[in-house]
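The form predicted on its own is given below as one chain in structure tokens.
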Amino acid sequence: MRTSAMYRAQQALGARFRDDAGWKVADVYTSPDDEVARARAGVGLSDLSACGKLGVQGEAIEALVTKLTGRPAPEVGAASRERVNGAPLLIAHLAADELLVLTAPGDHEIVADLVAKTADTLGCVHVTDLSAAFAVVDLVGSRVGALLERLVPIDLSALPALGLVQAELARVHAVILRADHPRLPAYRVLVPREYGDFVWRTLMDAGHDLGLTPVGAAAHARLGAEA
């Protein structure tokens, strides 16, 4: 079984784990009802490192997205939610010749195979499995903006829905994506795996007085269903 960089920190917090596509995922800390309520009132911190992650680079990435989804690629500095063969994707356009594709853990192998086969038909496109390269967290809640103000040296408040930036979080290079829920602000943050535990502990410490609480997969799914 694979574990995220935050596994030991989550064990210390009393997480109960479940298996998800070969990963041990923190499912519940206290109870889903309690975690959802605390996230709404303060900040919820969830570990999404088990998601599939594909890096796509090359001159034909826009043609790749169109061929896969039937729609144009998002603008540089933005992301879009798509479905490919029924699998939900988040496609983040990091640079003119670079995409990051995120999938649910169980969809990763199917999507990776489809993206690779499509890339083979387009020439100058290269696909890399980055699933072990990044730690991923979601931050959601009414006070998430106040938390990020403490740790990110740029103003994220003007970032539009599904907008993204590459910036430092606690002096660690991060991809930060705005992924608001209908009534709550939310951000997805990707950092190099080797900094995952440090970033998790830093967020826990910095958000203590803001009501930050770890949120397991069960509560995160419930919050996501609202979105």
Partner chain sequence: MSRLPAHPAQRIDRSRPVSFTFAGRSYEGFAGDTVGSALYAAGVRVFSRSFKYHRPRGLLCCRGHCPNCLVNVDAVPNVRACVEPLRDGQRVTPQHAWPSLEHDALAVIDRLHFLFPVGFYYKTFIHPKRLWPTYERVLRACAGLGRITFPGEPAGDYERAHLFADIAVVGGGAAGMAAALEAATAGLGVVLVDDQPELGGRWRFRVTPAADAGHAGDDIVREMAAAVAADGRIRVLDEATAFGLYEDGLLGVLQRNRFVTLRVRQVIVATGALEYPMVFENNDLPGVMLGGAAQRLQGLYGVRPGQGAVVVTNDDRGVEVALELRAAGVVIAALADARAGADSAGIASLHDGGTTIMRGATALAARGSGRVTSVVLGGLDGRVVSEMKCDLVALATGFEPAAGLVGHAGGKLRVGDGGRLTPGALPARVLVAGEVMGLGELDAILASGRLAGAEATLALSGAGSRLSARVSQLRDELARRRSHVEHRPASIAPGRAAKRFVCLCEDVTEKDCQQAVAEGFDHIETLKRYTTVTMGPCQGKMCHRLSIDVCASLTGRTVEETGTTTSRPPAQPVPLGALAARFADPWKLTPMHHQHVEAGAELMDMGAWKRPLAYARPSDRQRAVDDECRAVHEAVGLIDVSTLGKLEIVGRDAAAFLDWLHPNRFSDLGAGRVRYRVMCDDAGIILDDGVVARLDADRFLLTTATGTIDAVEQWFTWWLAGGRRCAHVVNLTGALAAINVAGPRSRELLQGLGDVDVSASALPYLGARTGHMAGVPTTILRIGFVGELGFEIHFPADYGEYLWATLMAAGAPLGVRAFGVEAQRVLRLEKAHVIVAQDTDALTTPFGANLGALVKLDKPDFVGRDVLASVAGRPLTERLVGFELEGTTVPAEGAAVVDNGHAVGRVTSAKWSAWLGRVIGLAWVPVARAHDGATFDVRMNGTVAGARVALRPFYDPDGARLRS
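Positions refer to the first chain, counted from 1. Quantities reported herein were computed from a predicted structural model and do not represent experimental measurements.
Although it is not shown, the form predicted together with the partner chain is what the next lines describe.
Figure note: of the listed segments 127 to 135, 100 to 108, 87 to 95, 68 to 76, the one touching the partner chain in the model of the complex, with heavy atoms no more than 4.5 Å away, is 127 to 135. With the partner omitted here, the residue from A179, L48, L184, V172 that has a non-hydrogen atom within 4.5 angstroms of the partner chain in the model of the complex is V172. For the options G163, P32, G58, G42, the one in contact with the partner chain in the model of the complex, meaning a heavy atom within 4.5 Å, is G58. Remark: A221 does not count among the residues lining the partner chain in the model of the complex, judged by a heavy atom distance of 4.5 Å or less. The partner chain in the model of the complex comes within 4.5 Å of a heavy atom belonging to D205. Contact check for L151: a heavy atom falls within 4.5 Å of the partner chain in the model of the complex. A residue is said to contact a partner when one of its heavy atoms sits within 4.5 Å of a partner heavy atom; D155 meets this definition for the partner chain in the model of the complex.
Of all the residues from 189 to 205, those having a non-hydrogen atom no more than 4.5 Å from the partner chain in the model of the complex are R193, E194, Y195, D197, F198, R201, T202, D205.
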